[in-house]
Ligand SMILES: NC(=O)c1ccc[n+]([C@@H]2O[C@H](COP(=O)([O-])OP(=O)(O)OC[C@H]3O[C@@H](n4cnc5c(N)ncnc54)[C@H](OP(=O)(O)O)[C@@H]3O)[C@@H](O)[C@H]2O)c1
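Before any questions on how it binds or moves, here is one chain, the form predicted alone, in structure tokens.
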């Protein structure tokens, strides 16, 4: 089986790469823009790819002829997406169109990552069938990429997720867990929003769901996150308590005080029944994931 990962330098991309590269039944190809930032080079081929360049996408897919495309590449900085809308559209929507068009002759199964930000956050615990109403251009771009996939006759799986966190090599950006841990260990006072509620997702759990989707040949939309909806403040508080760090350094702040360019949903979280039943999905708790993160941090 030939598998192509886009965005292999990112958090989810790296997790997928490490989980799949040891499988002797998989011919694995990893792509990202620029150099390969993963230390281990065995078990896969790396290709530098600008996924927004139509010709580059066509040429590489024609060369590899993948059975499965794991599309983890995206522009995810919500405020930047609001400002750089053309760039966001190219990376989050147009690139998906290129992947679908370039792979149609090979009947590739495209697994595409989406987001809770397609919702307005008025109710929380969204099911796969709930009506979308994005508040930001980022959310809109991901919804439009979903709608495009649904309109095609390719084999597709959309996996929606929430606040993905975990350990990467040579990260370009931090995630909420590692940022909080590092800041508090350095004795820095941090301000954390108290009135946004999420179900944060351990990257390993998300990777396992993606792999189950193609191995079990499950198509359609799946929600993948943790089971517990808590405030961003409480996420950080749990990190501090786990590592015995000074919780007094964590200051509560309201969304209105952040003055963020893009509007965020108030409360999301997912109903996970479909993923549990069809993908055998079983998410880690925050504390369980922190045990794994601690082990991983000791190795880098």
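This is a predicted model, so every value here is computed, not measured. Positions refer to the first chain, counted from 1.
In what follows, reference is made to the form predicted together with the named molecule, a form of this protein that is not presented.
Note on the partner interface in the predicted complex: the residue among 221, 193, 163, 212 having a heavy atom within 4.5 angstroms of the named molecule is 163. The partner is absent here, but in the predicted complex a heavy atom of 115, alone among 157, 226, 115, 103, sits within 4.5 Å of the named molecule. Comparing 69 to 77, 212 to 220, 148 to 156, 177 to 185 against the named molecule in the predicted complex, the single stretch with non-hydrogen atoms within 4.5 angstroms of it is 69 to 77. Heavy atoms of no residue among 119, 230 and 263 are located within 4.5 Å of the named molecule in the predicted complex. Using a 4.5 angstroms limit between non-hydrogen atoms, residue 32 touches the named molecule in the predicted complex. Contact check for residue 49: a heavy atom falls within 4.5 Å of the named molecule in the predicted complex. In the predicted complex, the named molecule sits within 4.5 Å of a heavy atom belonging to residue 173.
The closest non-hydrogen atom of residue 138 lies within 4.5 Å of the named molecule in the predicted complex. If you take 188 to 227 and check each residue for a heavy atom within 4.5 Å of the named molecule in the predicted complex, you get nothing at all.
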